[in-house]
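One chain is shown next in structure tokens, namely the form predicted on its own.
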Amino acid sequence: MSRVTADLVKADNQFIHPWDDIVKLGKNKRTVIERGDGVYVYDSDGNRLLDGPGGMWCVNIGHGREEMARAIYDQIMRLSYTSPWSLTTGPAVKFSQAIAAEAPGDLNHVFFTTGGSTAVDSALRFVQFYNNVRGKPEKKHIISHKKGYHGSTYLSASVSGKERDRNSLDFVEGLIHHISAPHSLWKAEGQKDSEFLDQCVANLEDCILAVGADRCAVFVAEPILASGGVIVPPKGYHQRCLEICRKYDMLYLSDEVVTSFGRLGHCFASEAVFGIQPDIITTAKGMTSAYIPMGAFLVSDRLLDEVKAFGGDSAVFSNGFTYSGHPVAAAAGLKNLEIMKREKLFEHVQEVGPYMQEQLQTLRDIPIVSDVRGIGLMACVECELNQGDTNLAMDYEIGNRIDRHCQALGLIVRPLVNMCVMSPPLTITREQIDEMVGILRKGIELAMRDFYDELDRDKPGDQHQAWGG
């Protein structure tokens, strides 16, 4: 490590990172990323690393796109900002039109926010607003998934269902209900796929009936539960859940913060992949490929028509942000979508996505790999030293060791406990997929060997079978 890098690593402890362990503040030693190019980033010592997680599901067109930088520069020099309250800008208008043109059904109206969390938070506030205007103020309860992730504002964090994120913070109580995620690993032995699907859908309806249909306002669902471990629902799940929502006068909010803008091979996945036209869609991350922060929610004509019909002389949705529809972010979004269409990145994902999934499946021959799942260019390789064991500390340790080995070999993994999540830039080639999978294989095998060696030292005798080897 160079002296410059060492100084940066030390000084970085003044910066409180997301999900930082405050007890360990001052002891963190994060890798310093200095630049990016395509699917690669380079650390401050010049080491090249393949960006396996695509930043954080978001660097969709890849790093270092000069035309994106020029579009941002040109907009800054033309107009850097104006208030979105009483004024508008060309980039914001054009980007909202472009997004609506890609959206399913009648989701023709766009509300811009600053990121995914504020998109979900604003969408949920709109749901509350919608029912208030309709004269149904009691219809406010929200249903979402365990293991779902929807953001870190107070309301969006409360809707999230990742149990390990619920530590020393406070959350909205009594208004939000979590049902089991539709995770195929939780299917009972001998249970048919159709029976498992029925069970998953029944979880939603049972929750609605327990809370009271007159009190339930919205079901919030990721097409694929991303941060929960790339949980792919059984075929037909979202369609059946939408039917349940229609039955009980509930709205369906499809949280596409991760899955939109090409991650699954389409601008939006709700209809193209899962066959539904939700009432509201949230988006962020890939909408600017992370070059500038931005988020949005899309709302259907039907809901707005109802608000107009019930609103009388006025129905003000008093929610927004200083940077809503920021002209520089909107210009980046327009250029991002232009690049995706011109380079046919959606079609490219449809071609190379199945190849990435096939190659990752080859890792199942490694004894500690317990599951491999995914779709498009998002996937999860889950590892357990002793399959079925619930030793959380051990799960964290195996994930961290895989991460360290992979980074030394040239791949960023960003483990979610014991799960290696892959969501590379959409520009990735088959050759680069081979490189990514090859390094991941070596990293997992080296981590497994570490534990076997420690086991041999600490526990004499034939222990390998008990640890999955």
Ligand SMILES: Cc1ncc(COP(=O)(O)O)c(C=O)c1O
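Don't overthink the numbering: it's just position in the shown sequence, from 1. Since we're looking at a predicted model, the values are computed, not measured.
There is another form of the same protein, the form predicted in complex with the named molecule; it is not shown, and what comes next is about it.
- Looking at residue 325, you'd find every heavy atom of it more than 4.5 angstroms from the named molecule in the predicted complex.
- The closest heavy atom approach of residue 222 to the named molecule in the predicted complex falls within 4.5 Å.
- Put simply, residue 258 is close to the named molecule in the predicted complex: some heavy atom of it is within 4.5 Å.
- Among residues of the shown chain, residue 333 is not one whose heavy atoms approach the named molecule to within 4.5 Å in the predicted complex.
- Only one of 376, 115, 229, 234 lies close to the named molecule in the predicted complex, with a heavy atom inside 4.5 Å, and it is 115.
- Interface residue among 149, 95, 268, 297, judged by heavy atoms within 4.5 Å of the named molecule in the predicted complex: 149.
- Residue heavy atoms within 4.5 Å of the named molecule in the predicted complex occur in exactly one stretch of 189-197, 115-123, 260-268, 74-82, and that stretch is 115-123.
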